[in-house]
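Quick setup: one chain, the form predicted alone, written in structure tokens, and binding and motion questions come after.
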Amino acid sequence: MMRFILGVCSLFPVVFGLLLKADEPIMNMMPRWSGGWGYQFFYEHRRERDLLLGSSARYRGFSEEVNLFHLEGVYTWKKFIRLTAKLPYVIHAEREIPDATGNKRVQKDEGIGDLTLALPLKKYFNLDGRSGSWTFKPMLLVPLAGDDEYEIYDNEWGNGIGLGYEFETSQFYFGIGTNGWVFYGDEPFESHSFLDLGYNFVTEQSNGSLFWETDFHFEDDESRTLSAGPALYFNHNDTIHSRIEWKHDFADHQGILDHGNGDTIKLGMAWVF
């Protein structure tokens, strides 16, 4: 526990420069009322172009491609407390690694990933011209992925804590947050943070937001990745929501030999009641 606390505290000099991210159902937006619940589906495609050691491509063109399906749900007991669950499924993942002679060897993965449970605690505020919230979020990672030669998910028990702050006006949105994870196996401490800037708009058929999102991923084996890109969110009719996002790795440093220099696309639909 002390290692976790020290690890989280060590993030704060980083947090206010480049903050890490943890999206929550329903698309970080709702439900904010007692008894509200919802679920969402996401398809995620990620392709990384090179095998890195440090910031250099040790094996250029040795790629990794991952296709995921995410099922996520939320239930709000009261405005300030809710339960979220995230269960990913690996549709198909494939990576190229060097064999003993330096030629490409292909490894594949598919199947269920690890379950993430969280209990976000929210403190809302309403000020002149803007409203927002503070978030404290205990998290638990449940290993369901199984053991294979190549794994997208860690298959280890983990505990995490997330912190966040957001506010919006009639036109603009601002959000920052960070979370840290410790595991009960060989996986290193890691954190994910975000800084989101958004513009809210209204059309005749729906309303929504256009974001520029910056994410930072850190592990204590000296791996760190900075990615950023646009996201478009639509509130179609208060029940149905959709979102599309794209992110590019602008800076990638791998503390161990691993894939990097990637792009990620996500497409999602959500329903809230």
Partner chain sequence: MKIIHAIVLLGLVFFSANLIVADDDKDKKEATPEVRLQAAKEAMSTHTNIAILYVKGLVCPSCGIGVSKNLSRMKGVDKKRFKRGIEMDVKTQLVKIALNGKTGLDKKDILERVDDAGFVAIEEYKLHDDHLDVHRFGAGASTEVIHHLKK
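Since this is a predicted model, take the numbers as computed values, not measurements. Positions refer to the first chain, counted from 1.
Not on display, but discussed next: the form predicted in complex with the partner chain.
The partner chain in the predicted bound form comes within 4.5 Å of no heavy atom belonging to D154. For the chain shown alone, D128 is a contact residue for the partner chain in the predicted bound form, at least one non-hydrogen atom being within 4.5 angstroms.
Shown alone here, Y39 lies farther than 4.5 Å from the partner chain in the predicted bound form, counting heavy atoms only. Interface membership of F69, defined by any non-hydrogen atom within 4.5 Å of the partner chain in the predicted bound form, is ruled out. No residue in the set Y75, W134 and F194 has a non-hydrogen atom no more than 4.5 Å from the partner chain in the predicted bound form.
Segments offered: 39 to 47, 60 to 68, 204 to 212, 217 to 225. Contacting the partner chain in the predicted bound form at heavy atom distances within 4.5 Å is 204 to 212.
Of the residues given (F172, Y89, Y165, Y150), F172 alone sits with a heavy atom within 4.5 Å of the partner chain in the predicted bound form.
Of the residues in 257 to 273, those that come within 4.5 Å of the partner chain in the predicted bound form through at least one heavy atom are, in sequence order, V272, F273.
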